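Quick heads-up: it's one chain on its own, the form predicted on its own, in structure tokens.
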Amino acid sequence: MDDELVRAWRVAERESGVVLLDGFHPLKHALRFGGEVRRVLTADRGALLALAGELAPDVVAALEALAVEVAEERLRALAPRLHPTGVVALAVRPSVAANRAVLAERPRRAPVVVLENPRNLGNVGAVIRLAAGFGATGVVTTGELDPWHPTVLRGSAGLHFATAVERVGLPELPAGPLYVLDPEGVDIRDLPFPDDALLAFGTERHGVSAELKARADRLVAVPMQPGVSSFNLATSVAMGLFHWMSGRR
């Protein structure tokens, strides 16, 4: 029986738009925010349902219908870095067209976070989690990194399903005033962010590119003590989104 389940999983994971959810929290958020969850495998079905009953009673019924128990070694063949909660799932990501429609919608009531050529999968996951928590319209990335990579989904706790997440080229950025975080900009405390802003952050190592700076409507700087090179990417995004939210009271 376990072998049949694994074979069916291998077929399903190759379908277009299917992504891996590794751990309880990505699965919980995919279910909570309307994601299409196809398969759920767990090493201990009773423990999974008990955990859901404690932390997320709203998804218990869905898990009762979806969760199938298999041996832990079978799970580790599907997800080598198996989460301590012992559950993996396959879900269908929102279509590119659907995400782009959300990002393009005007008037926009919350900013879009732009990550230019990010390099670290964990950083991108943390940014998506922040964007969902602050109610941003979405997160767009440029460059080669896949923002729907399983490690990014793990870092975001599956909150990709709570906000629009897409990869675009610089010419394809959504419309709206572009506020670029850069040390040469004006002090962030002196400049409120409009609801329809694009808040752009550069790569972890090199900052924003000359091309993105040239497109900026405003350059904005977060004050730092002398000798400090930079803030972590997710920290910078959190400060930018908190600054926006603080101006909306």
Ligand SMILES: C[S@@+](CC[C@H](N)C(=O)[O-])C[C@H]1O[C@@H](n2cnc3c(N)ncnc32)[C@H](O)[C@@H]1O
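Just so it is clear, the structure is predicted and the values come from calculations on it, not from any experiment. Start at 1 with the first residue shown and count on from there.
Omitted from view is the form predicted in complex with the ligand, to which the following refers.
Q | The single option of Ala197, Val220, Leu48, Leu41 touching the ligand in the model of the complex, heavy atom within 4.5 Å | A | Only one listed residue qualifies here, and that residue is Val220.
Q) If we take heavy atoms and a 4.5 Å cut-off, which stretch out of 65 to 73, 206 to 214, 50 to 58, 27 to 35 is in contact with the ligand in the model of the complex? A) Stretch 206 to 214 is the one.
Q. Quick check: do Asn120, Gly125 and Thr141 each get a heavy atom within 4.5 Å of the ligand in the model of the complex?
A. So, no: the whole triplet misses the ligand.
Q.
Can you work out whether Leu191 and the ligand are in contact in the model of the complex, taking contact to mean some heavy atom pair no more than 4.5 Å apart?
A. Taking the distances in the model of the complex, the answer for Leu191 is no, it never comes within 4.5 Å of the ligand.
Q. Though only this chain appears here, would Val19 touch the ligand in the model of the complex if you measure heavy atom gaps against 4.5 Å?
A. It does not: once the ligand is placed as it appears in the model of the complex, Val19 has no heavy atom within 4.5 Å of it.
Q.
I'd like to know whether Ala238 contacts the ligand in the model of the complex, with contact meaning heavy atoms within 4.5 angstroms.
A. Contact with the ligand, no.
Q.
Heavy atom within 4.5 Å of the ligand in the model of the complex: which residues of 163 to 183 meet that condition, in order?
A. Leu181, Asp182, Pro183 sit within 4.5 Å of the partner.
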